[in-house]
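There is one chain below, alone, in structure tokens, taken in the form predicted on its own.
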Amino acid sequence: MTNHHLVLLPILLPLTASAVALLLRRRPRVQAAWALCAMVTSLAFSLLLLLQVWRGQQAVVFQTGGWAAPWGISLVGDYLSVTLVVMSQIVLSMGILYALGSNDSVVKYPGFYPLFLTLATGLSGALLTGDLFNLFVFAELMVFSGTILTACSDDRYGTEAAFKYFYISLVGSTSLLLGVGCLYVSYGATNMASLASGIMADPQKPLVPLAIAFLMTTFMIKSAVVPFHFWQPDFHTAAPTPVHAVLSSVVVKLGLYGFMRMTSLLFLAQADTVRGILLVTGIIGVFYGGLGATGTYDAKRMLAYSTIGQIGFILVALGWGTPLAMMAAIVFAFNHSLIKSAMLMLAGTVASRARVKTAAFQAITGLGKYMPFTGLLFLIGGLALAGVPPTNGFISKLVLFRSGIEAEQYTALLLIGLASILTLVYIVRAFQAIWWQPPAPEALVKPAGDRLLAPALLIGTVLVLGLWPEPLIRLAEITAAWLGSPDGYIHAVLGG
């Protein structure tokens, strides 16, 4: 067991920076620059933590207050949590960079950057905590931040969307607390390593099935999994672009992280049942998200529905549950976060040039005539979302389909293969509407809009990971192997 303070920094840095940002509220430019520097610094330490885990080939553990698990609160940086933290903080850094060049009124509010940094704190903490109750605490911090940021949106439906998000999150939070309570009554702990050890020894306690049901409900809500998806399109469409780019790309991955912990650490005896449910809901989600994106009226709403479909692909991989499928899920989740955040920023950039800022196709049809470079970036991102080479999206689909062939899941492969065509359909439809069709005669185009630096950097990364995917694939392979041996996590946290 390693007691290393490095695992604290991805949580502590954005939290401290948020408090300092409040003191800088009267100097908005300094506040914005401070937020970006703090987020990039946090990302740098997250990368150092990943390097530490990779070199040490074990989890980096910090026992807060010096109290050993299970009595104290453990922060655990293992392959899975640190990989997802790095993924999240890349997108969070780009979200702040986009906000620096955004024309939205909300980014000029004194509370915007402090709330954005607390959102980063909540997400990083939820991924790094080794305690289920503290996962609830960090997730609530994330919910409150996301709700307020959306309520302050320039979009007139922002307040309505924020209420929807808050109340559905309240259901998820209650469900999580009930699940944690069932496990605490049964095993006397909320520490995940201690729970895993206890459930392995006696997996048949009466409240365990109820705990699984509550936790699955929570994580399905967090990732907008069908049938808990209904809040996502309205909420994400109304959120400010820099917030939307984070919420719909990395925040939704918290539920997927929960499913991975459930099937590879906590509930090994019941994992096949959980995977079966994930497989079915994943296939339904791929079709539902694809069809919803194809038929919607708004570019940002299209991408919100697309997230439901893309999450479905990852759930299918988790449902197969083989080492190669787990590797595919990690690669797909990482790549999707980069692609989706870039695409949402590009949709926001196009909307910022419309007379009234909106991503409705009626308002932005033909505006691409004035934004050729934006069109190039959107085309590359769209091809990546559809899984076309030489992008990282192609690598995601390739590894996913290979894992399905290895698992001999030919029916599921056929279904998700057919559903993949829908991605290409709605991307081509959007590209045609914005960049091929002529603008309406009465259309007014603003001379300048949101800046392209953040989405351009993300699209560049999409191409780099498509042409040179080996480091990510190797990391995902090691992470999948780590997940296949839960004793390593348990021993790192509990010792022995």
Partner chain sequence: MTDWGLVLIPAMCLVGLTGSVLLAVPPLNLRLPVRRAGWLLSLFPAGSSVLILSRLPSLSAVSPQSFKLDWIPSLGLTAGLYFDHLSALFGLLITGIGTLVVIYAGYYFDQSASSRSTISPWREWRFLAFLFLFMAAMVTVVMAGDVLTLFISWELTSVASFLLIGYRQQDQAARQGAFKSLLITGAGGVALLLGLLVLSSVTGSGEFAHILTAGDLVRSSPLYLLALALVALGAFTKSAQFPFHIWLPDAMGAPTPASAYLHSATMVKAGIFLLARLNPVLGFTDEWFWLLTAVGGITMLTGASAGFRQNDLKALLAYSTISQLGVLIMLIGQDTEIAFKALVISILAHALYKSALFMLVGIVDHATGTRDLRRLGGLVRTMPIAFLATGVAAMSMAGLPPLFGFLAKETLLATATHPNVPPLANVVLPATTVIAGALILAQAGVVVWDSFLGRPRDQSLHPHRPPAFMCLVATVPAVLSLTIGLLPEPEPIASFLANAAAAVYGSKVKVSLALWNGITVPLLLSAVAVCSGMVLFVLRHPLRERLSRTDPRWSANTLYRWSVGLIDGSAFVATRLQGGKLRTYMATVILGMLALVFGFGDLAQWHWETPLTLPTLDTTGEIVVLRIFALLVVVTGAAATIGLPRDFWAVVALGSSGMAVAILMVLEPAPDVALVQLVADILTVVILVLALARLPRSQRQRANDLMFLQSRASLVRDSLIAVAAGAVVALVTLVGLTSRPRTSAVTPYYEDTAKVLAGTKDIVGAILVDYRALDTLIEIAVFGLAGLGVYTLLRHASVKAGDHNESDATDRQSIAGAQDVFGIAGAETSSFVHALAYVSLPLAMVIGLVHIMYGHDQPGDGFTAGVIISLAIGFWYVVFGFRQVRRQLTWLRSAPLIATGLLLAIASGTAAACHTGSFLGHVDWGEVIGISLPRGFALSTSFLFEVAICLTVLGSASYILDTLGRPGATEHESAGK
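As the structure is a computational prediction, the values presented were derived from the model and not from experiment. Positions refer to the first chain, counted from 1.
Another form exists, predicted together with its partner chain; not displayed. Remarks below refer to it.
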{"item": "Check all three, Asp154, Phe228 and Leu291, heavy atom within 4.5 Å of its partner chain in the model of the complex", "value": "yes"}
{"item": "Ser420, heavy atom within 4.5 angstroms of its partner chain in the model of the complex", "value": "yes"}
{"item": "Residue contact check: Phe334 to its partner chain in the model of the complex, 4.5 Å heavy atom", "value": "no"}
{"item": "Exercise: Tyr257 in contact with its partner chain in the model of the complex, heavy atom 4.5 Å", "value": "no"}
{"item": "Its partner chain contact in the model of the complex: Val356, any heavy atom under 4.5 Å", "value": "no"}
{"item": "In the model of the complex, the residue from Gly382, Gly319, Gly348, Pro233 that sits within 4.5 Å of its partner chain by heavy atoms", "value": "Pro233"}
{"item": "Heavy atom within 4.5 Å of its partner chain in the model of the complex - the one residue of Pro209, Gly198, Gly101, Pro323 that qualifies", "value": "Pro209"}
{"item": "Contact segment among 338-346, 238-246, 86-94, 125-133, judged by heavy atoms lying within 4.5 Å of its partner chain in the model of the complex", "value": "125-133"}
{"item": "Partner contacts for 389-416, taking its partner chain in the model of the complex and a 4.5 Å heavy atom cut-off", "value": "Pro389, Pro390, Phe394, Ile395, Lys397, Leu398, Val399, Phe401, Arg402, Ile405, Tyr410, Leu413, Leu414"}
